[in-house]
Ligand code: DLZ
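As structure tokens, one chain now follows by itself in the form predicted alone.
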Amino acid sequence: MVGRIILVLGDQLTPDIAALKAADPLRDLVVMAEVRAEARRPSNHPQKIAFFLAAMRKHAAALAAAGWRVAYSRLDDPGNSQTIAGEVLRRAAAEGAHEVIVTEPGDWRLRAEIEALPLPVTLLPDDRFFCSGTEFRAWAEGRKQLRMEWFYREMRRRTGLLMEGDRPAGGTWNFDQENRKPAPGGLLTPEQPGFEPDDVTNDVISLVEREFSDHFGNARPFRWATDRAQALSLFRHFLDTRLAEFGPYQDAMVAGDPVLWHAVISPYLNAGLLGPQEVCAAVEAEWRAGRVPIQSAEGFIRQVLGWREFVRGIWLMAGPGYTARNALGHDRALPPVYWGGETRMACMAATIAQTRDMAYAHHIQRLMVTGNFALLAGIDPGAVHDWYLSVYADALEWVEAPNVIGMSQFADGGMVGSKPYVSSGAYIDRMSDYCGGCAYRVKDKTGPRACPFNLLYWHFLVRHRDRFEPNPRMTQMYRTWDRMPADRRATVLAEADALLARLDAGAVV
């Protein structure tokens, strides 16, 4: 009896993914494929490609060992068509199969490609999340604004995480005010463990170095986990050594210490090597056992149960046109600094250098350094979206697009956030040690060494005044601007214009 094609994508590395639960291991054929079309759309960081390919190979071997029939296409296989659709059709023809089952992709383009196959396709909901698309739409229905805080509280009630009866543990829903501390002086953070590449991973890294040497980023040193056992080991290390301090210092930035107290498990969550339910339960257990303070447990759970689930709901609701949104009409080209070009800005140089070397930067580096600069400078949000999607190991469309198009660039007009996340250099100075070694002076508001964030902050507010002045959360900013002497305001705008002109001319900023 001819079986069906069970397509398992590179971010679906979970043994009980929906498509496998619906399959018959004795009859159906599991298809997995490494293809150039996905590695180059966009031009993904070499470590991102290597992580997914190594994890896919190990997952395919585990499925085969568990009794599944697996057809796995390696990138350099002679018969590889180099597209997901092409590999499904090639395997279906060889198998004589006439039906495809797949868990819904987290990318609208790939979903459309699969749905366009000349075979019956069954798309199954991805049930690895706390909240389904149907449940999110029901929550969102009738609301004038979709705010993560209200969604997060509903998810806490629904799951019982950090709850004491019908009240939040600790007497409050969040500990944001306690979780915004800069890193203390004399910082000594725990060592971030990693894994020396094994034979499977080394083979993949060598392949990536041959095939994608033109992509931004370094393939080595490579320290990522590439299977579930390794990912669990890293997560356990986080629980034991860094979770207790994670909450207060999660927004801190320190030159030369990219990890600080972060878990760095988002690639493993997004690929399916770890599950959101298990990591939240483990963090709650650490708090209930008295080993970590509640502000750290809540800060972690808020990111996974709250923010991660919220942005996925936004992505599902907004549909495939979301990444093209540009509510502010920004159209400036992405400057070369984002691809490692020279810059005099210490914060941008540090964040982009670690992105190049590690395919990683934590959420505040992404939001308040590279994202903040792009928004203030009026860079095309589509180009910013493509950059983030390409350079980070954890970047998949469903999670990256709402974070960039919505949270970072306000290109969705306020669907994700109630106001744009913009700041002058003062925020970066408060939360990091970058400014002390910068060619610019963060205290200078104008003049030849004025921090670019200081100039561009006011330029952004002025050019979008009609949109943002009525926002109650931004009124005070405009009052501050209006109280400045007229000659100072003119100088700020003139110097910001000159800075943007240098940016457009390709000069070093």
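Since the structure is predicted, the reported quantities are computational estimates derived from the model, not experimental observations. Residue indices: 1-based, along the sequence shown.
The same protein also exists as the form predicted in complex with the ligand; that form is not shown, yet it is the one meant from here on.
Within 4.5 Å of any heavy atom of the ligand in the predicted bound form lies no heavy atom of H59. Though the partner is left out of this view, L9 does reach within 4.5 Å of the ligand in the predicted bound form, counting heavy atoms only. Among residues of the shown chain, L396 is one whose heavy atoms approach the ligand to within 4.5 Å in the predicted bound form.
Although the partner is absent here, E87 is not a contact residue: none of its heavy atoms lies within 4.5 angstroms of the ligand in the predicted bound form.
Exactly one of the stretches 471 to 479, 34 to 42, 63 to 71, 458 to 466 approaches the ligand in the predicted bound form with heavy atoms within 4.5 Å, and it is 34 to 42. Taking a 4.5 Å heavy atom cutoff to the ligand in the predicted bound form, the contact residue among D227, D412, D107, E284 is D107. Residues of 468 to 493 that come within 4.5 Å of the ligand in the predicted bound form, judged by any heavy atom, do not exist; none qualify.
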